[in-house]
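Next comes just one chain, in structure tokens: the form predicted alone.
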Amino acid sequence: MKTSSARVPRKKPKLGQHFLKDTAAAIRIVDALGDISQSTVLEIGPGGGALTSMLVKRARRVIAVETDRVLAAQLRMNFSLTPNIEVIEGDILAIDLDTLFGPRPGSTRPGMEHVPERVRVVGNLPYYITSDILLRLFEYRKYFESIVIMVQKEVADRLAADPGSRDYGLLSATTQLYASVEELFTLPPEAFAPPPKVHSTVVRLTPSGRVEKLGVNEPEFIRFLKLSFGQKRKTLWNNLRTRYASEDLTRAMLRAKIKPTVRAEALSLEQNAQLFRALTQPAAAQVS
């Protein structure tokens, strides 16, 4: 999803482009970032600049990443006299965020550790690649202080769902592995032009450090979660036995005190981590 200024672009929107026209909603979204007077803000999909025009007045620095060539050119022209904004034409999934926020050549002295800049993220995410963008942001979470995004309400409900609930799934578990989730407010289709067929919810994600607390190998644990949630109607046992031997599963589930008949969505992240460790680590080396 894209945003725009009060004047909605006349061009026919591409897939996923719906321009925010509710000024009050734009203010609430920017407010959700908190005090950004000393912060860098990464804006994903600025579109026509509804949020951008507010961000440049409040933030120390704004980096706006726009994949649409025409919109990116319009943004550069509209903000050509604004010194604290950089407009990047590109795909957020392809841009090397280390280049944007990591140490620059010669900026650190030998023996001195680089302290990552704490960046705040805002954006109206295209519905069809929400998961991909979130995973990308989590990959570079060391740079991000908070993430305020607008997504389809159904997706927001899944992000915030509790284990055992109808909406809890792989997206819930993966997101909550990296961040705490707050659903802030919901907007109707009429807040956009053209109006989408769904309601949209603004969500704030705050990196939590939970993956480190669980004491798991991050890439392997993500693969484990993907396997666990592979087929929602199957039990955890049936999903996991495609990779693990039955005798190993039996021992691990006994050790983790998890019933073979349970489904992945019924387990907390802590329980999933306990089972993962039981499957992958010797008993003596497991983290309690």
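Residue indices: 1-based, along the sequence shown. Because the structure is a prediction, the values reported are computed rather than measured.
Beyond the structure shown, there is the form predicted in complex with a small molecule, which is absent from this document and is the topic of what follows.
- Residues placing heavy atoms within 4.5 Å of the small molecule in the predicted bound form fall in a single listed stretch, namely 64-72, out of 244-252, 225-233, 32-40, 64-72.
- In the predicted bound form, the small molecule lies within 4.5 Å of some heavy atom of D91.
- Taking the partner from elsewhere, I129 is found to have a heavy atom lying within 4.5 Å of the small molecule in the predicted bound form.
- Among residues of the shown chain, A179 is not one whose heavy atoms approach the small molecule to within 4.5 Å in the predicted bound form.
- Interface residue remark: L20 is counted as part of the site for the small molecule in the predicted bound form, having a heavy atom within 4.5 Å.
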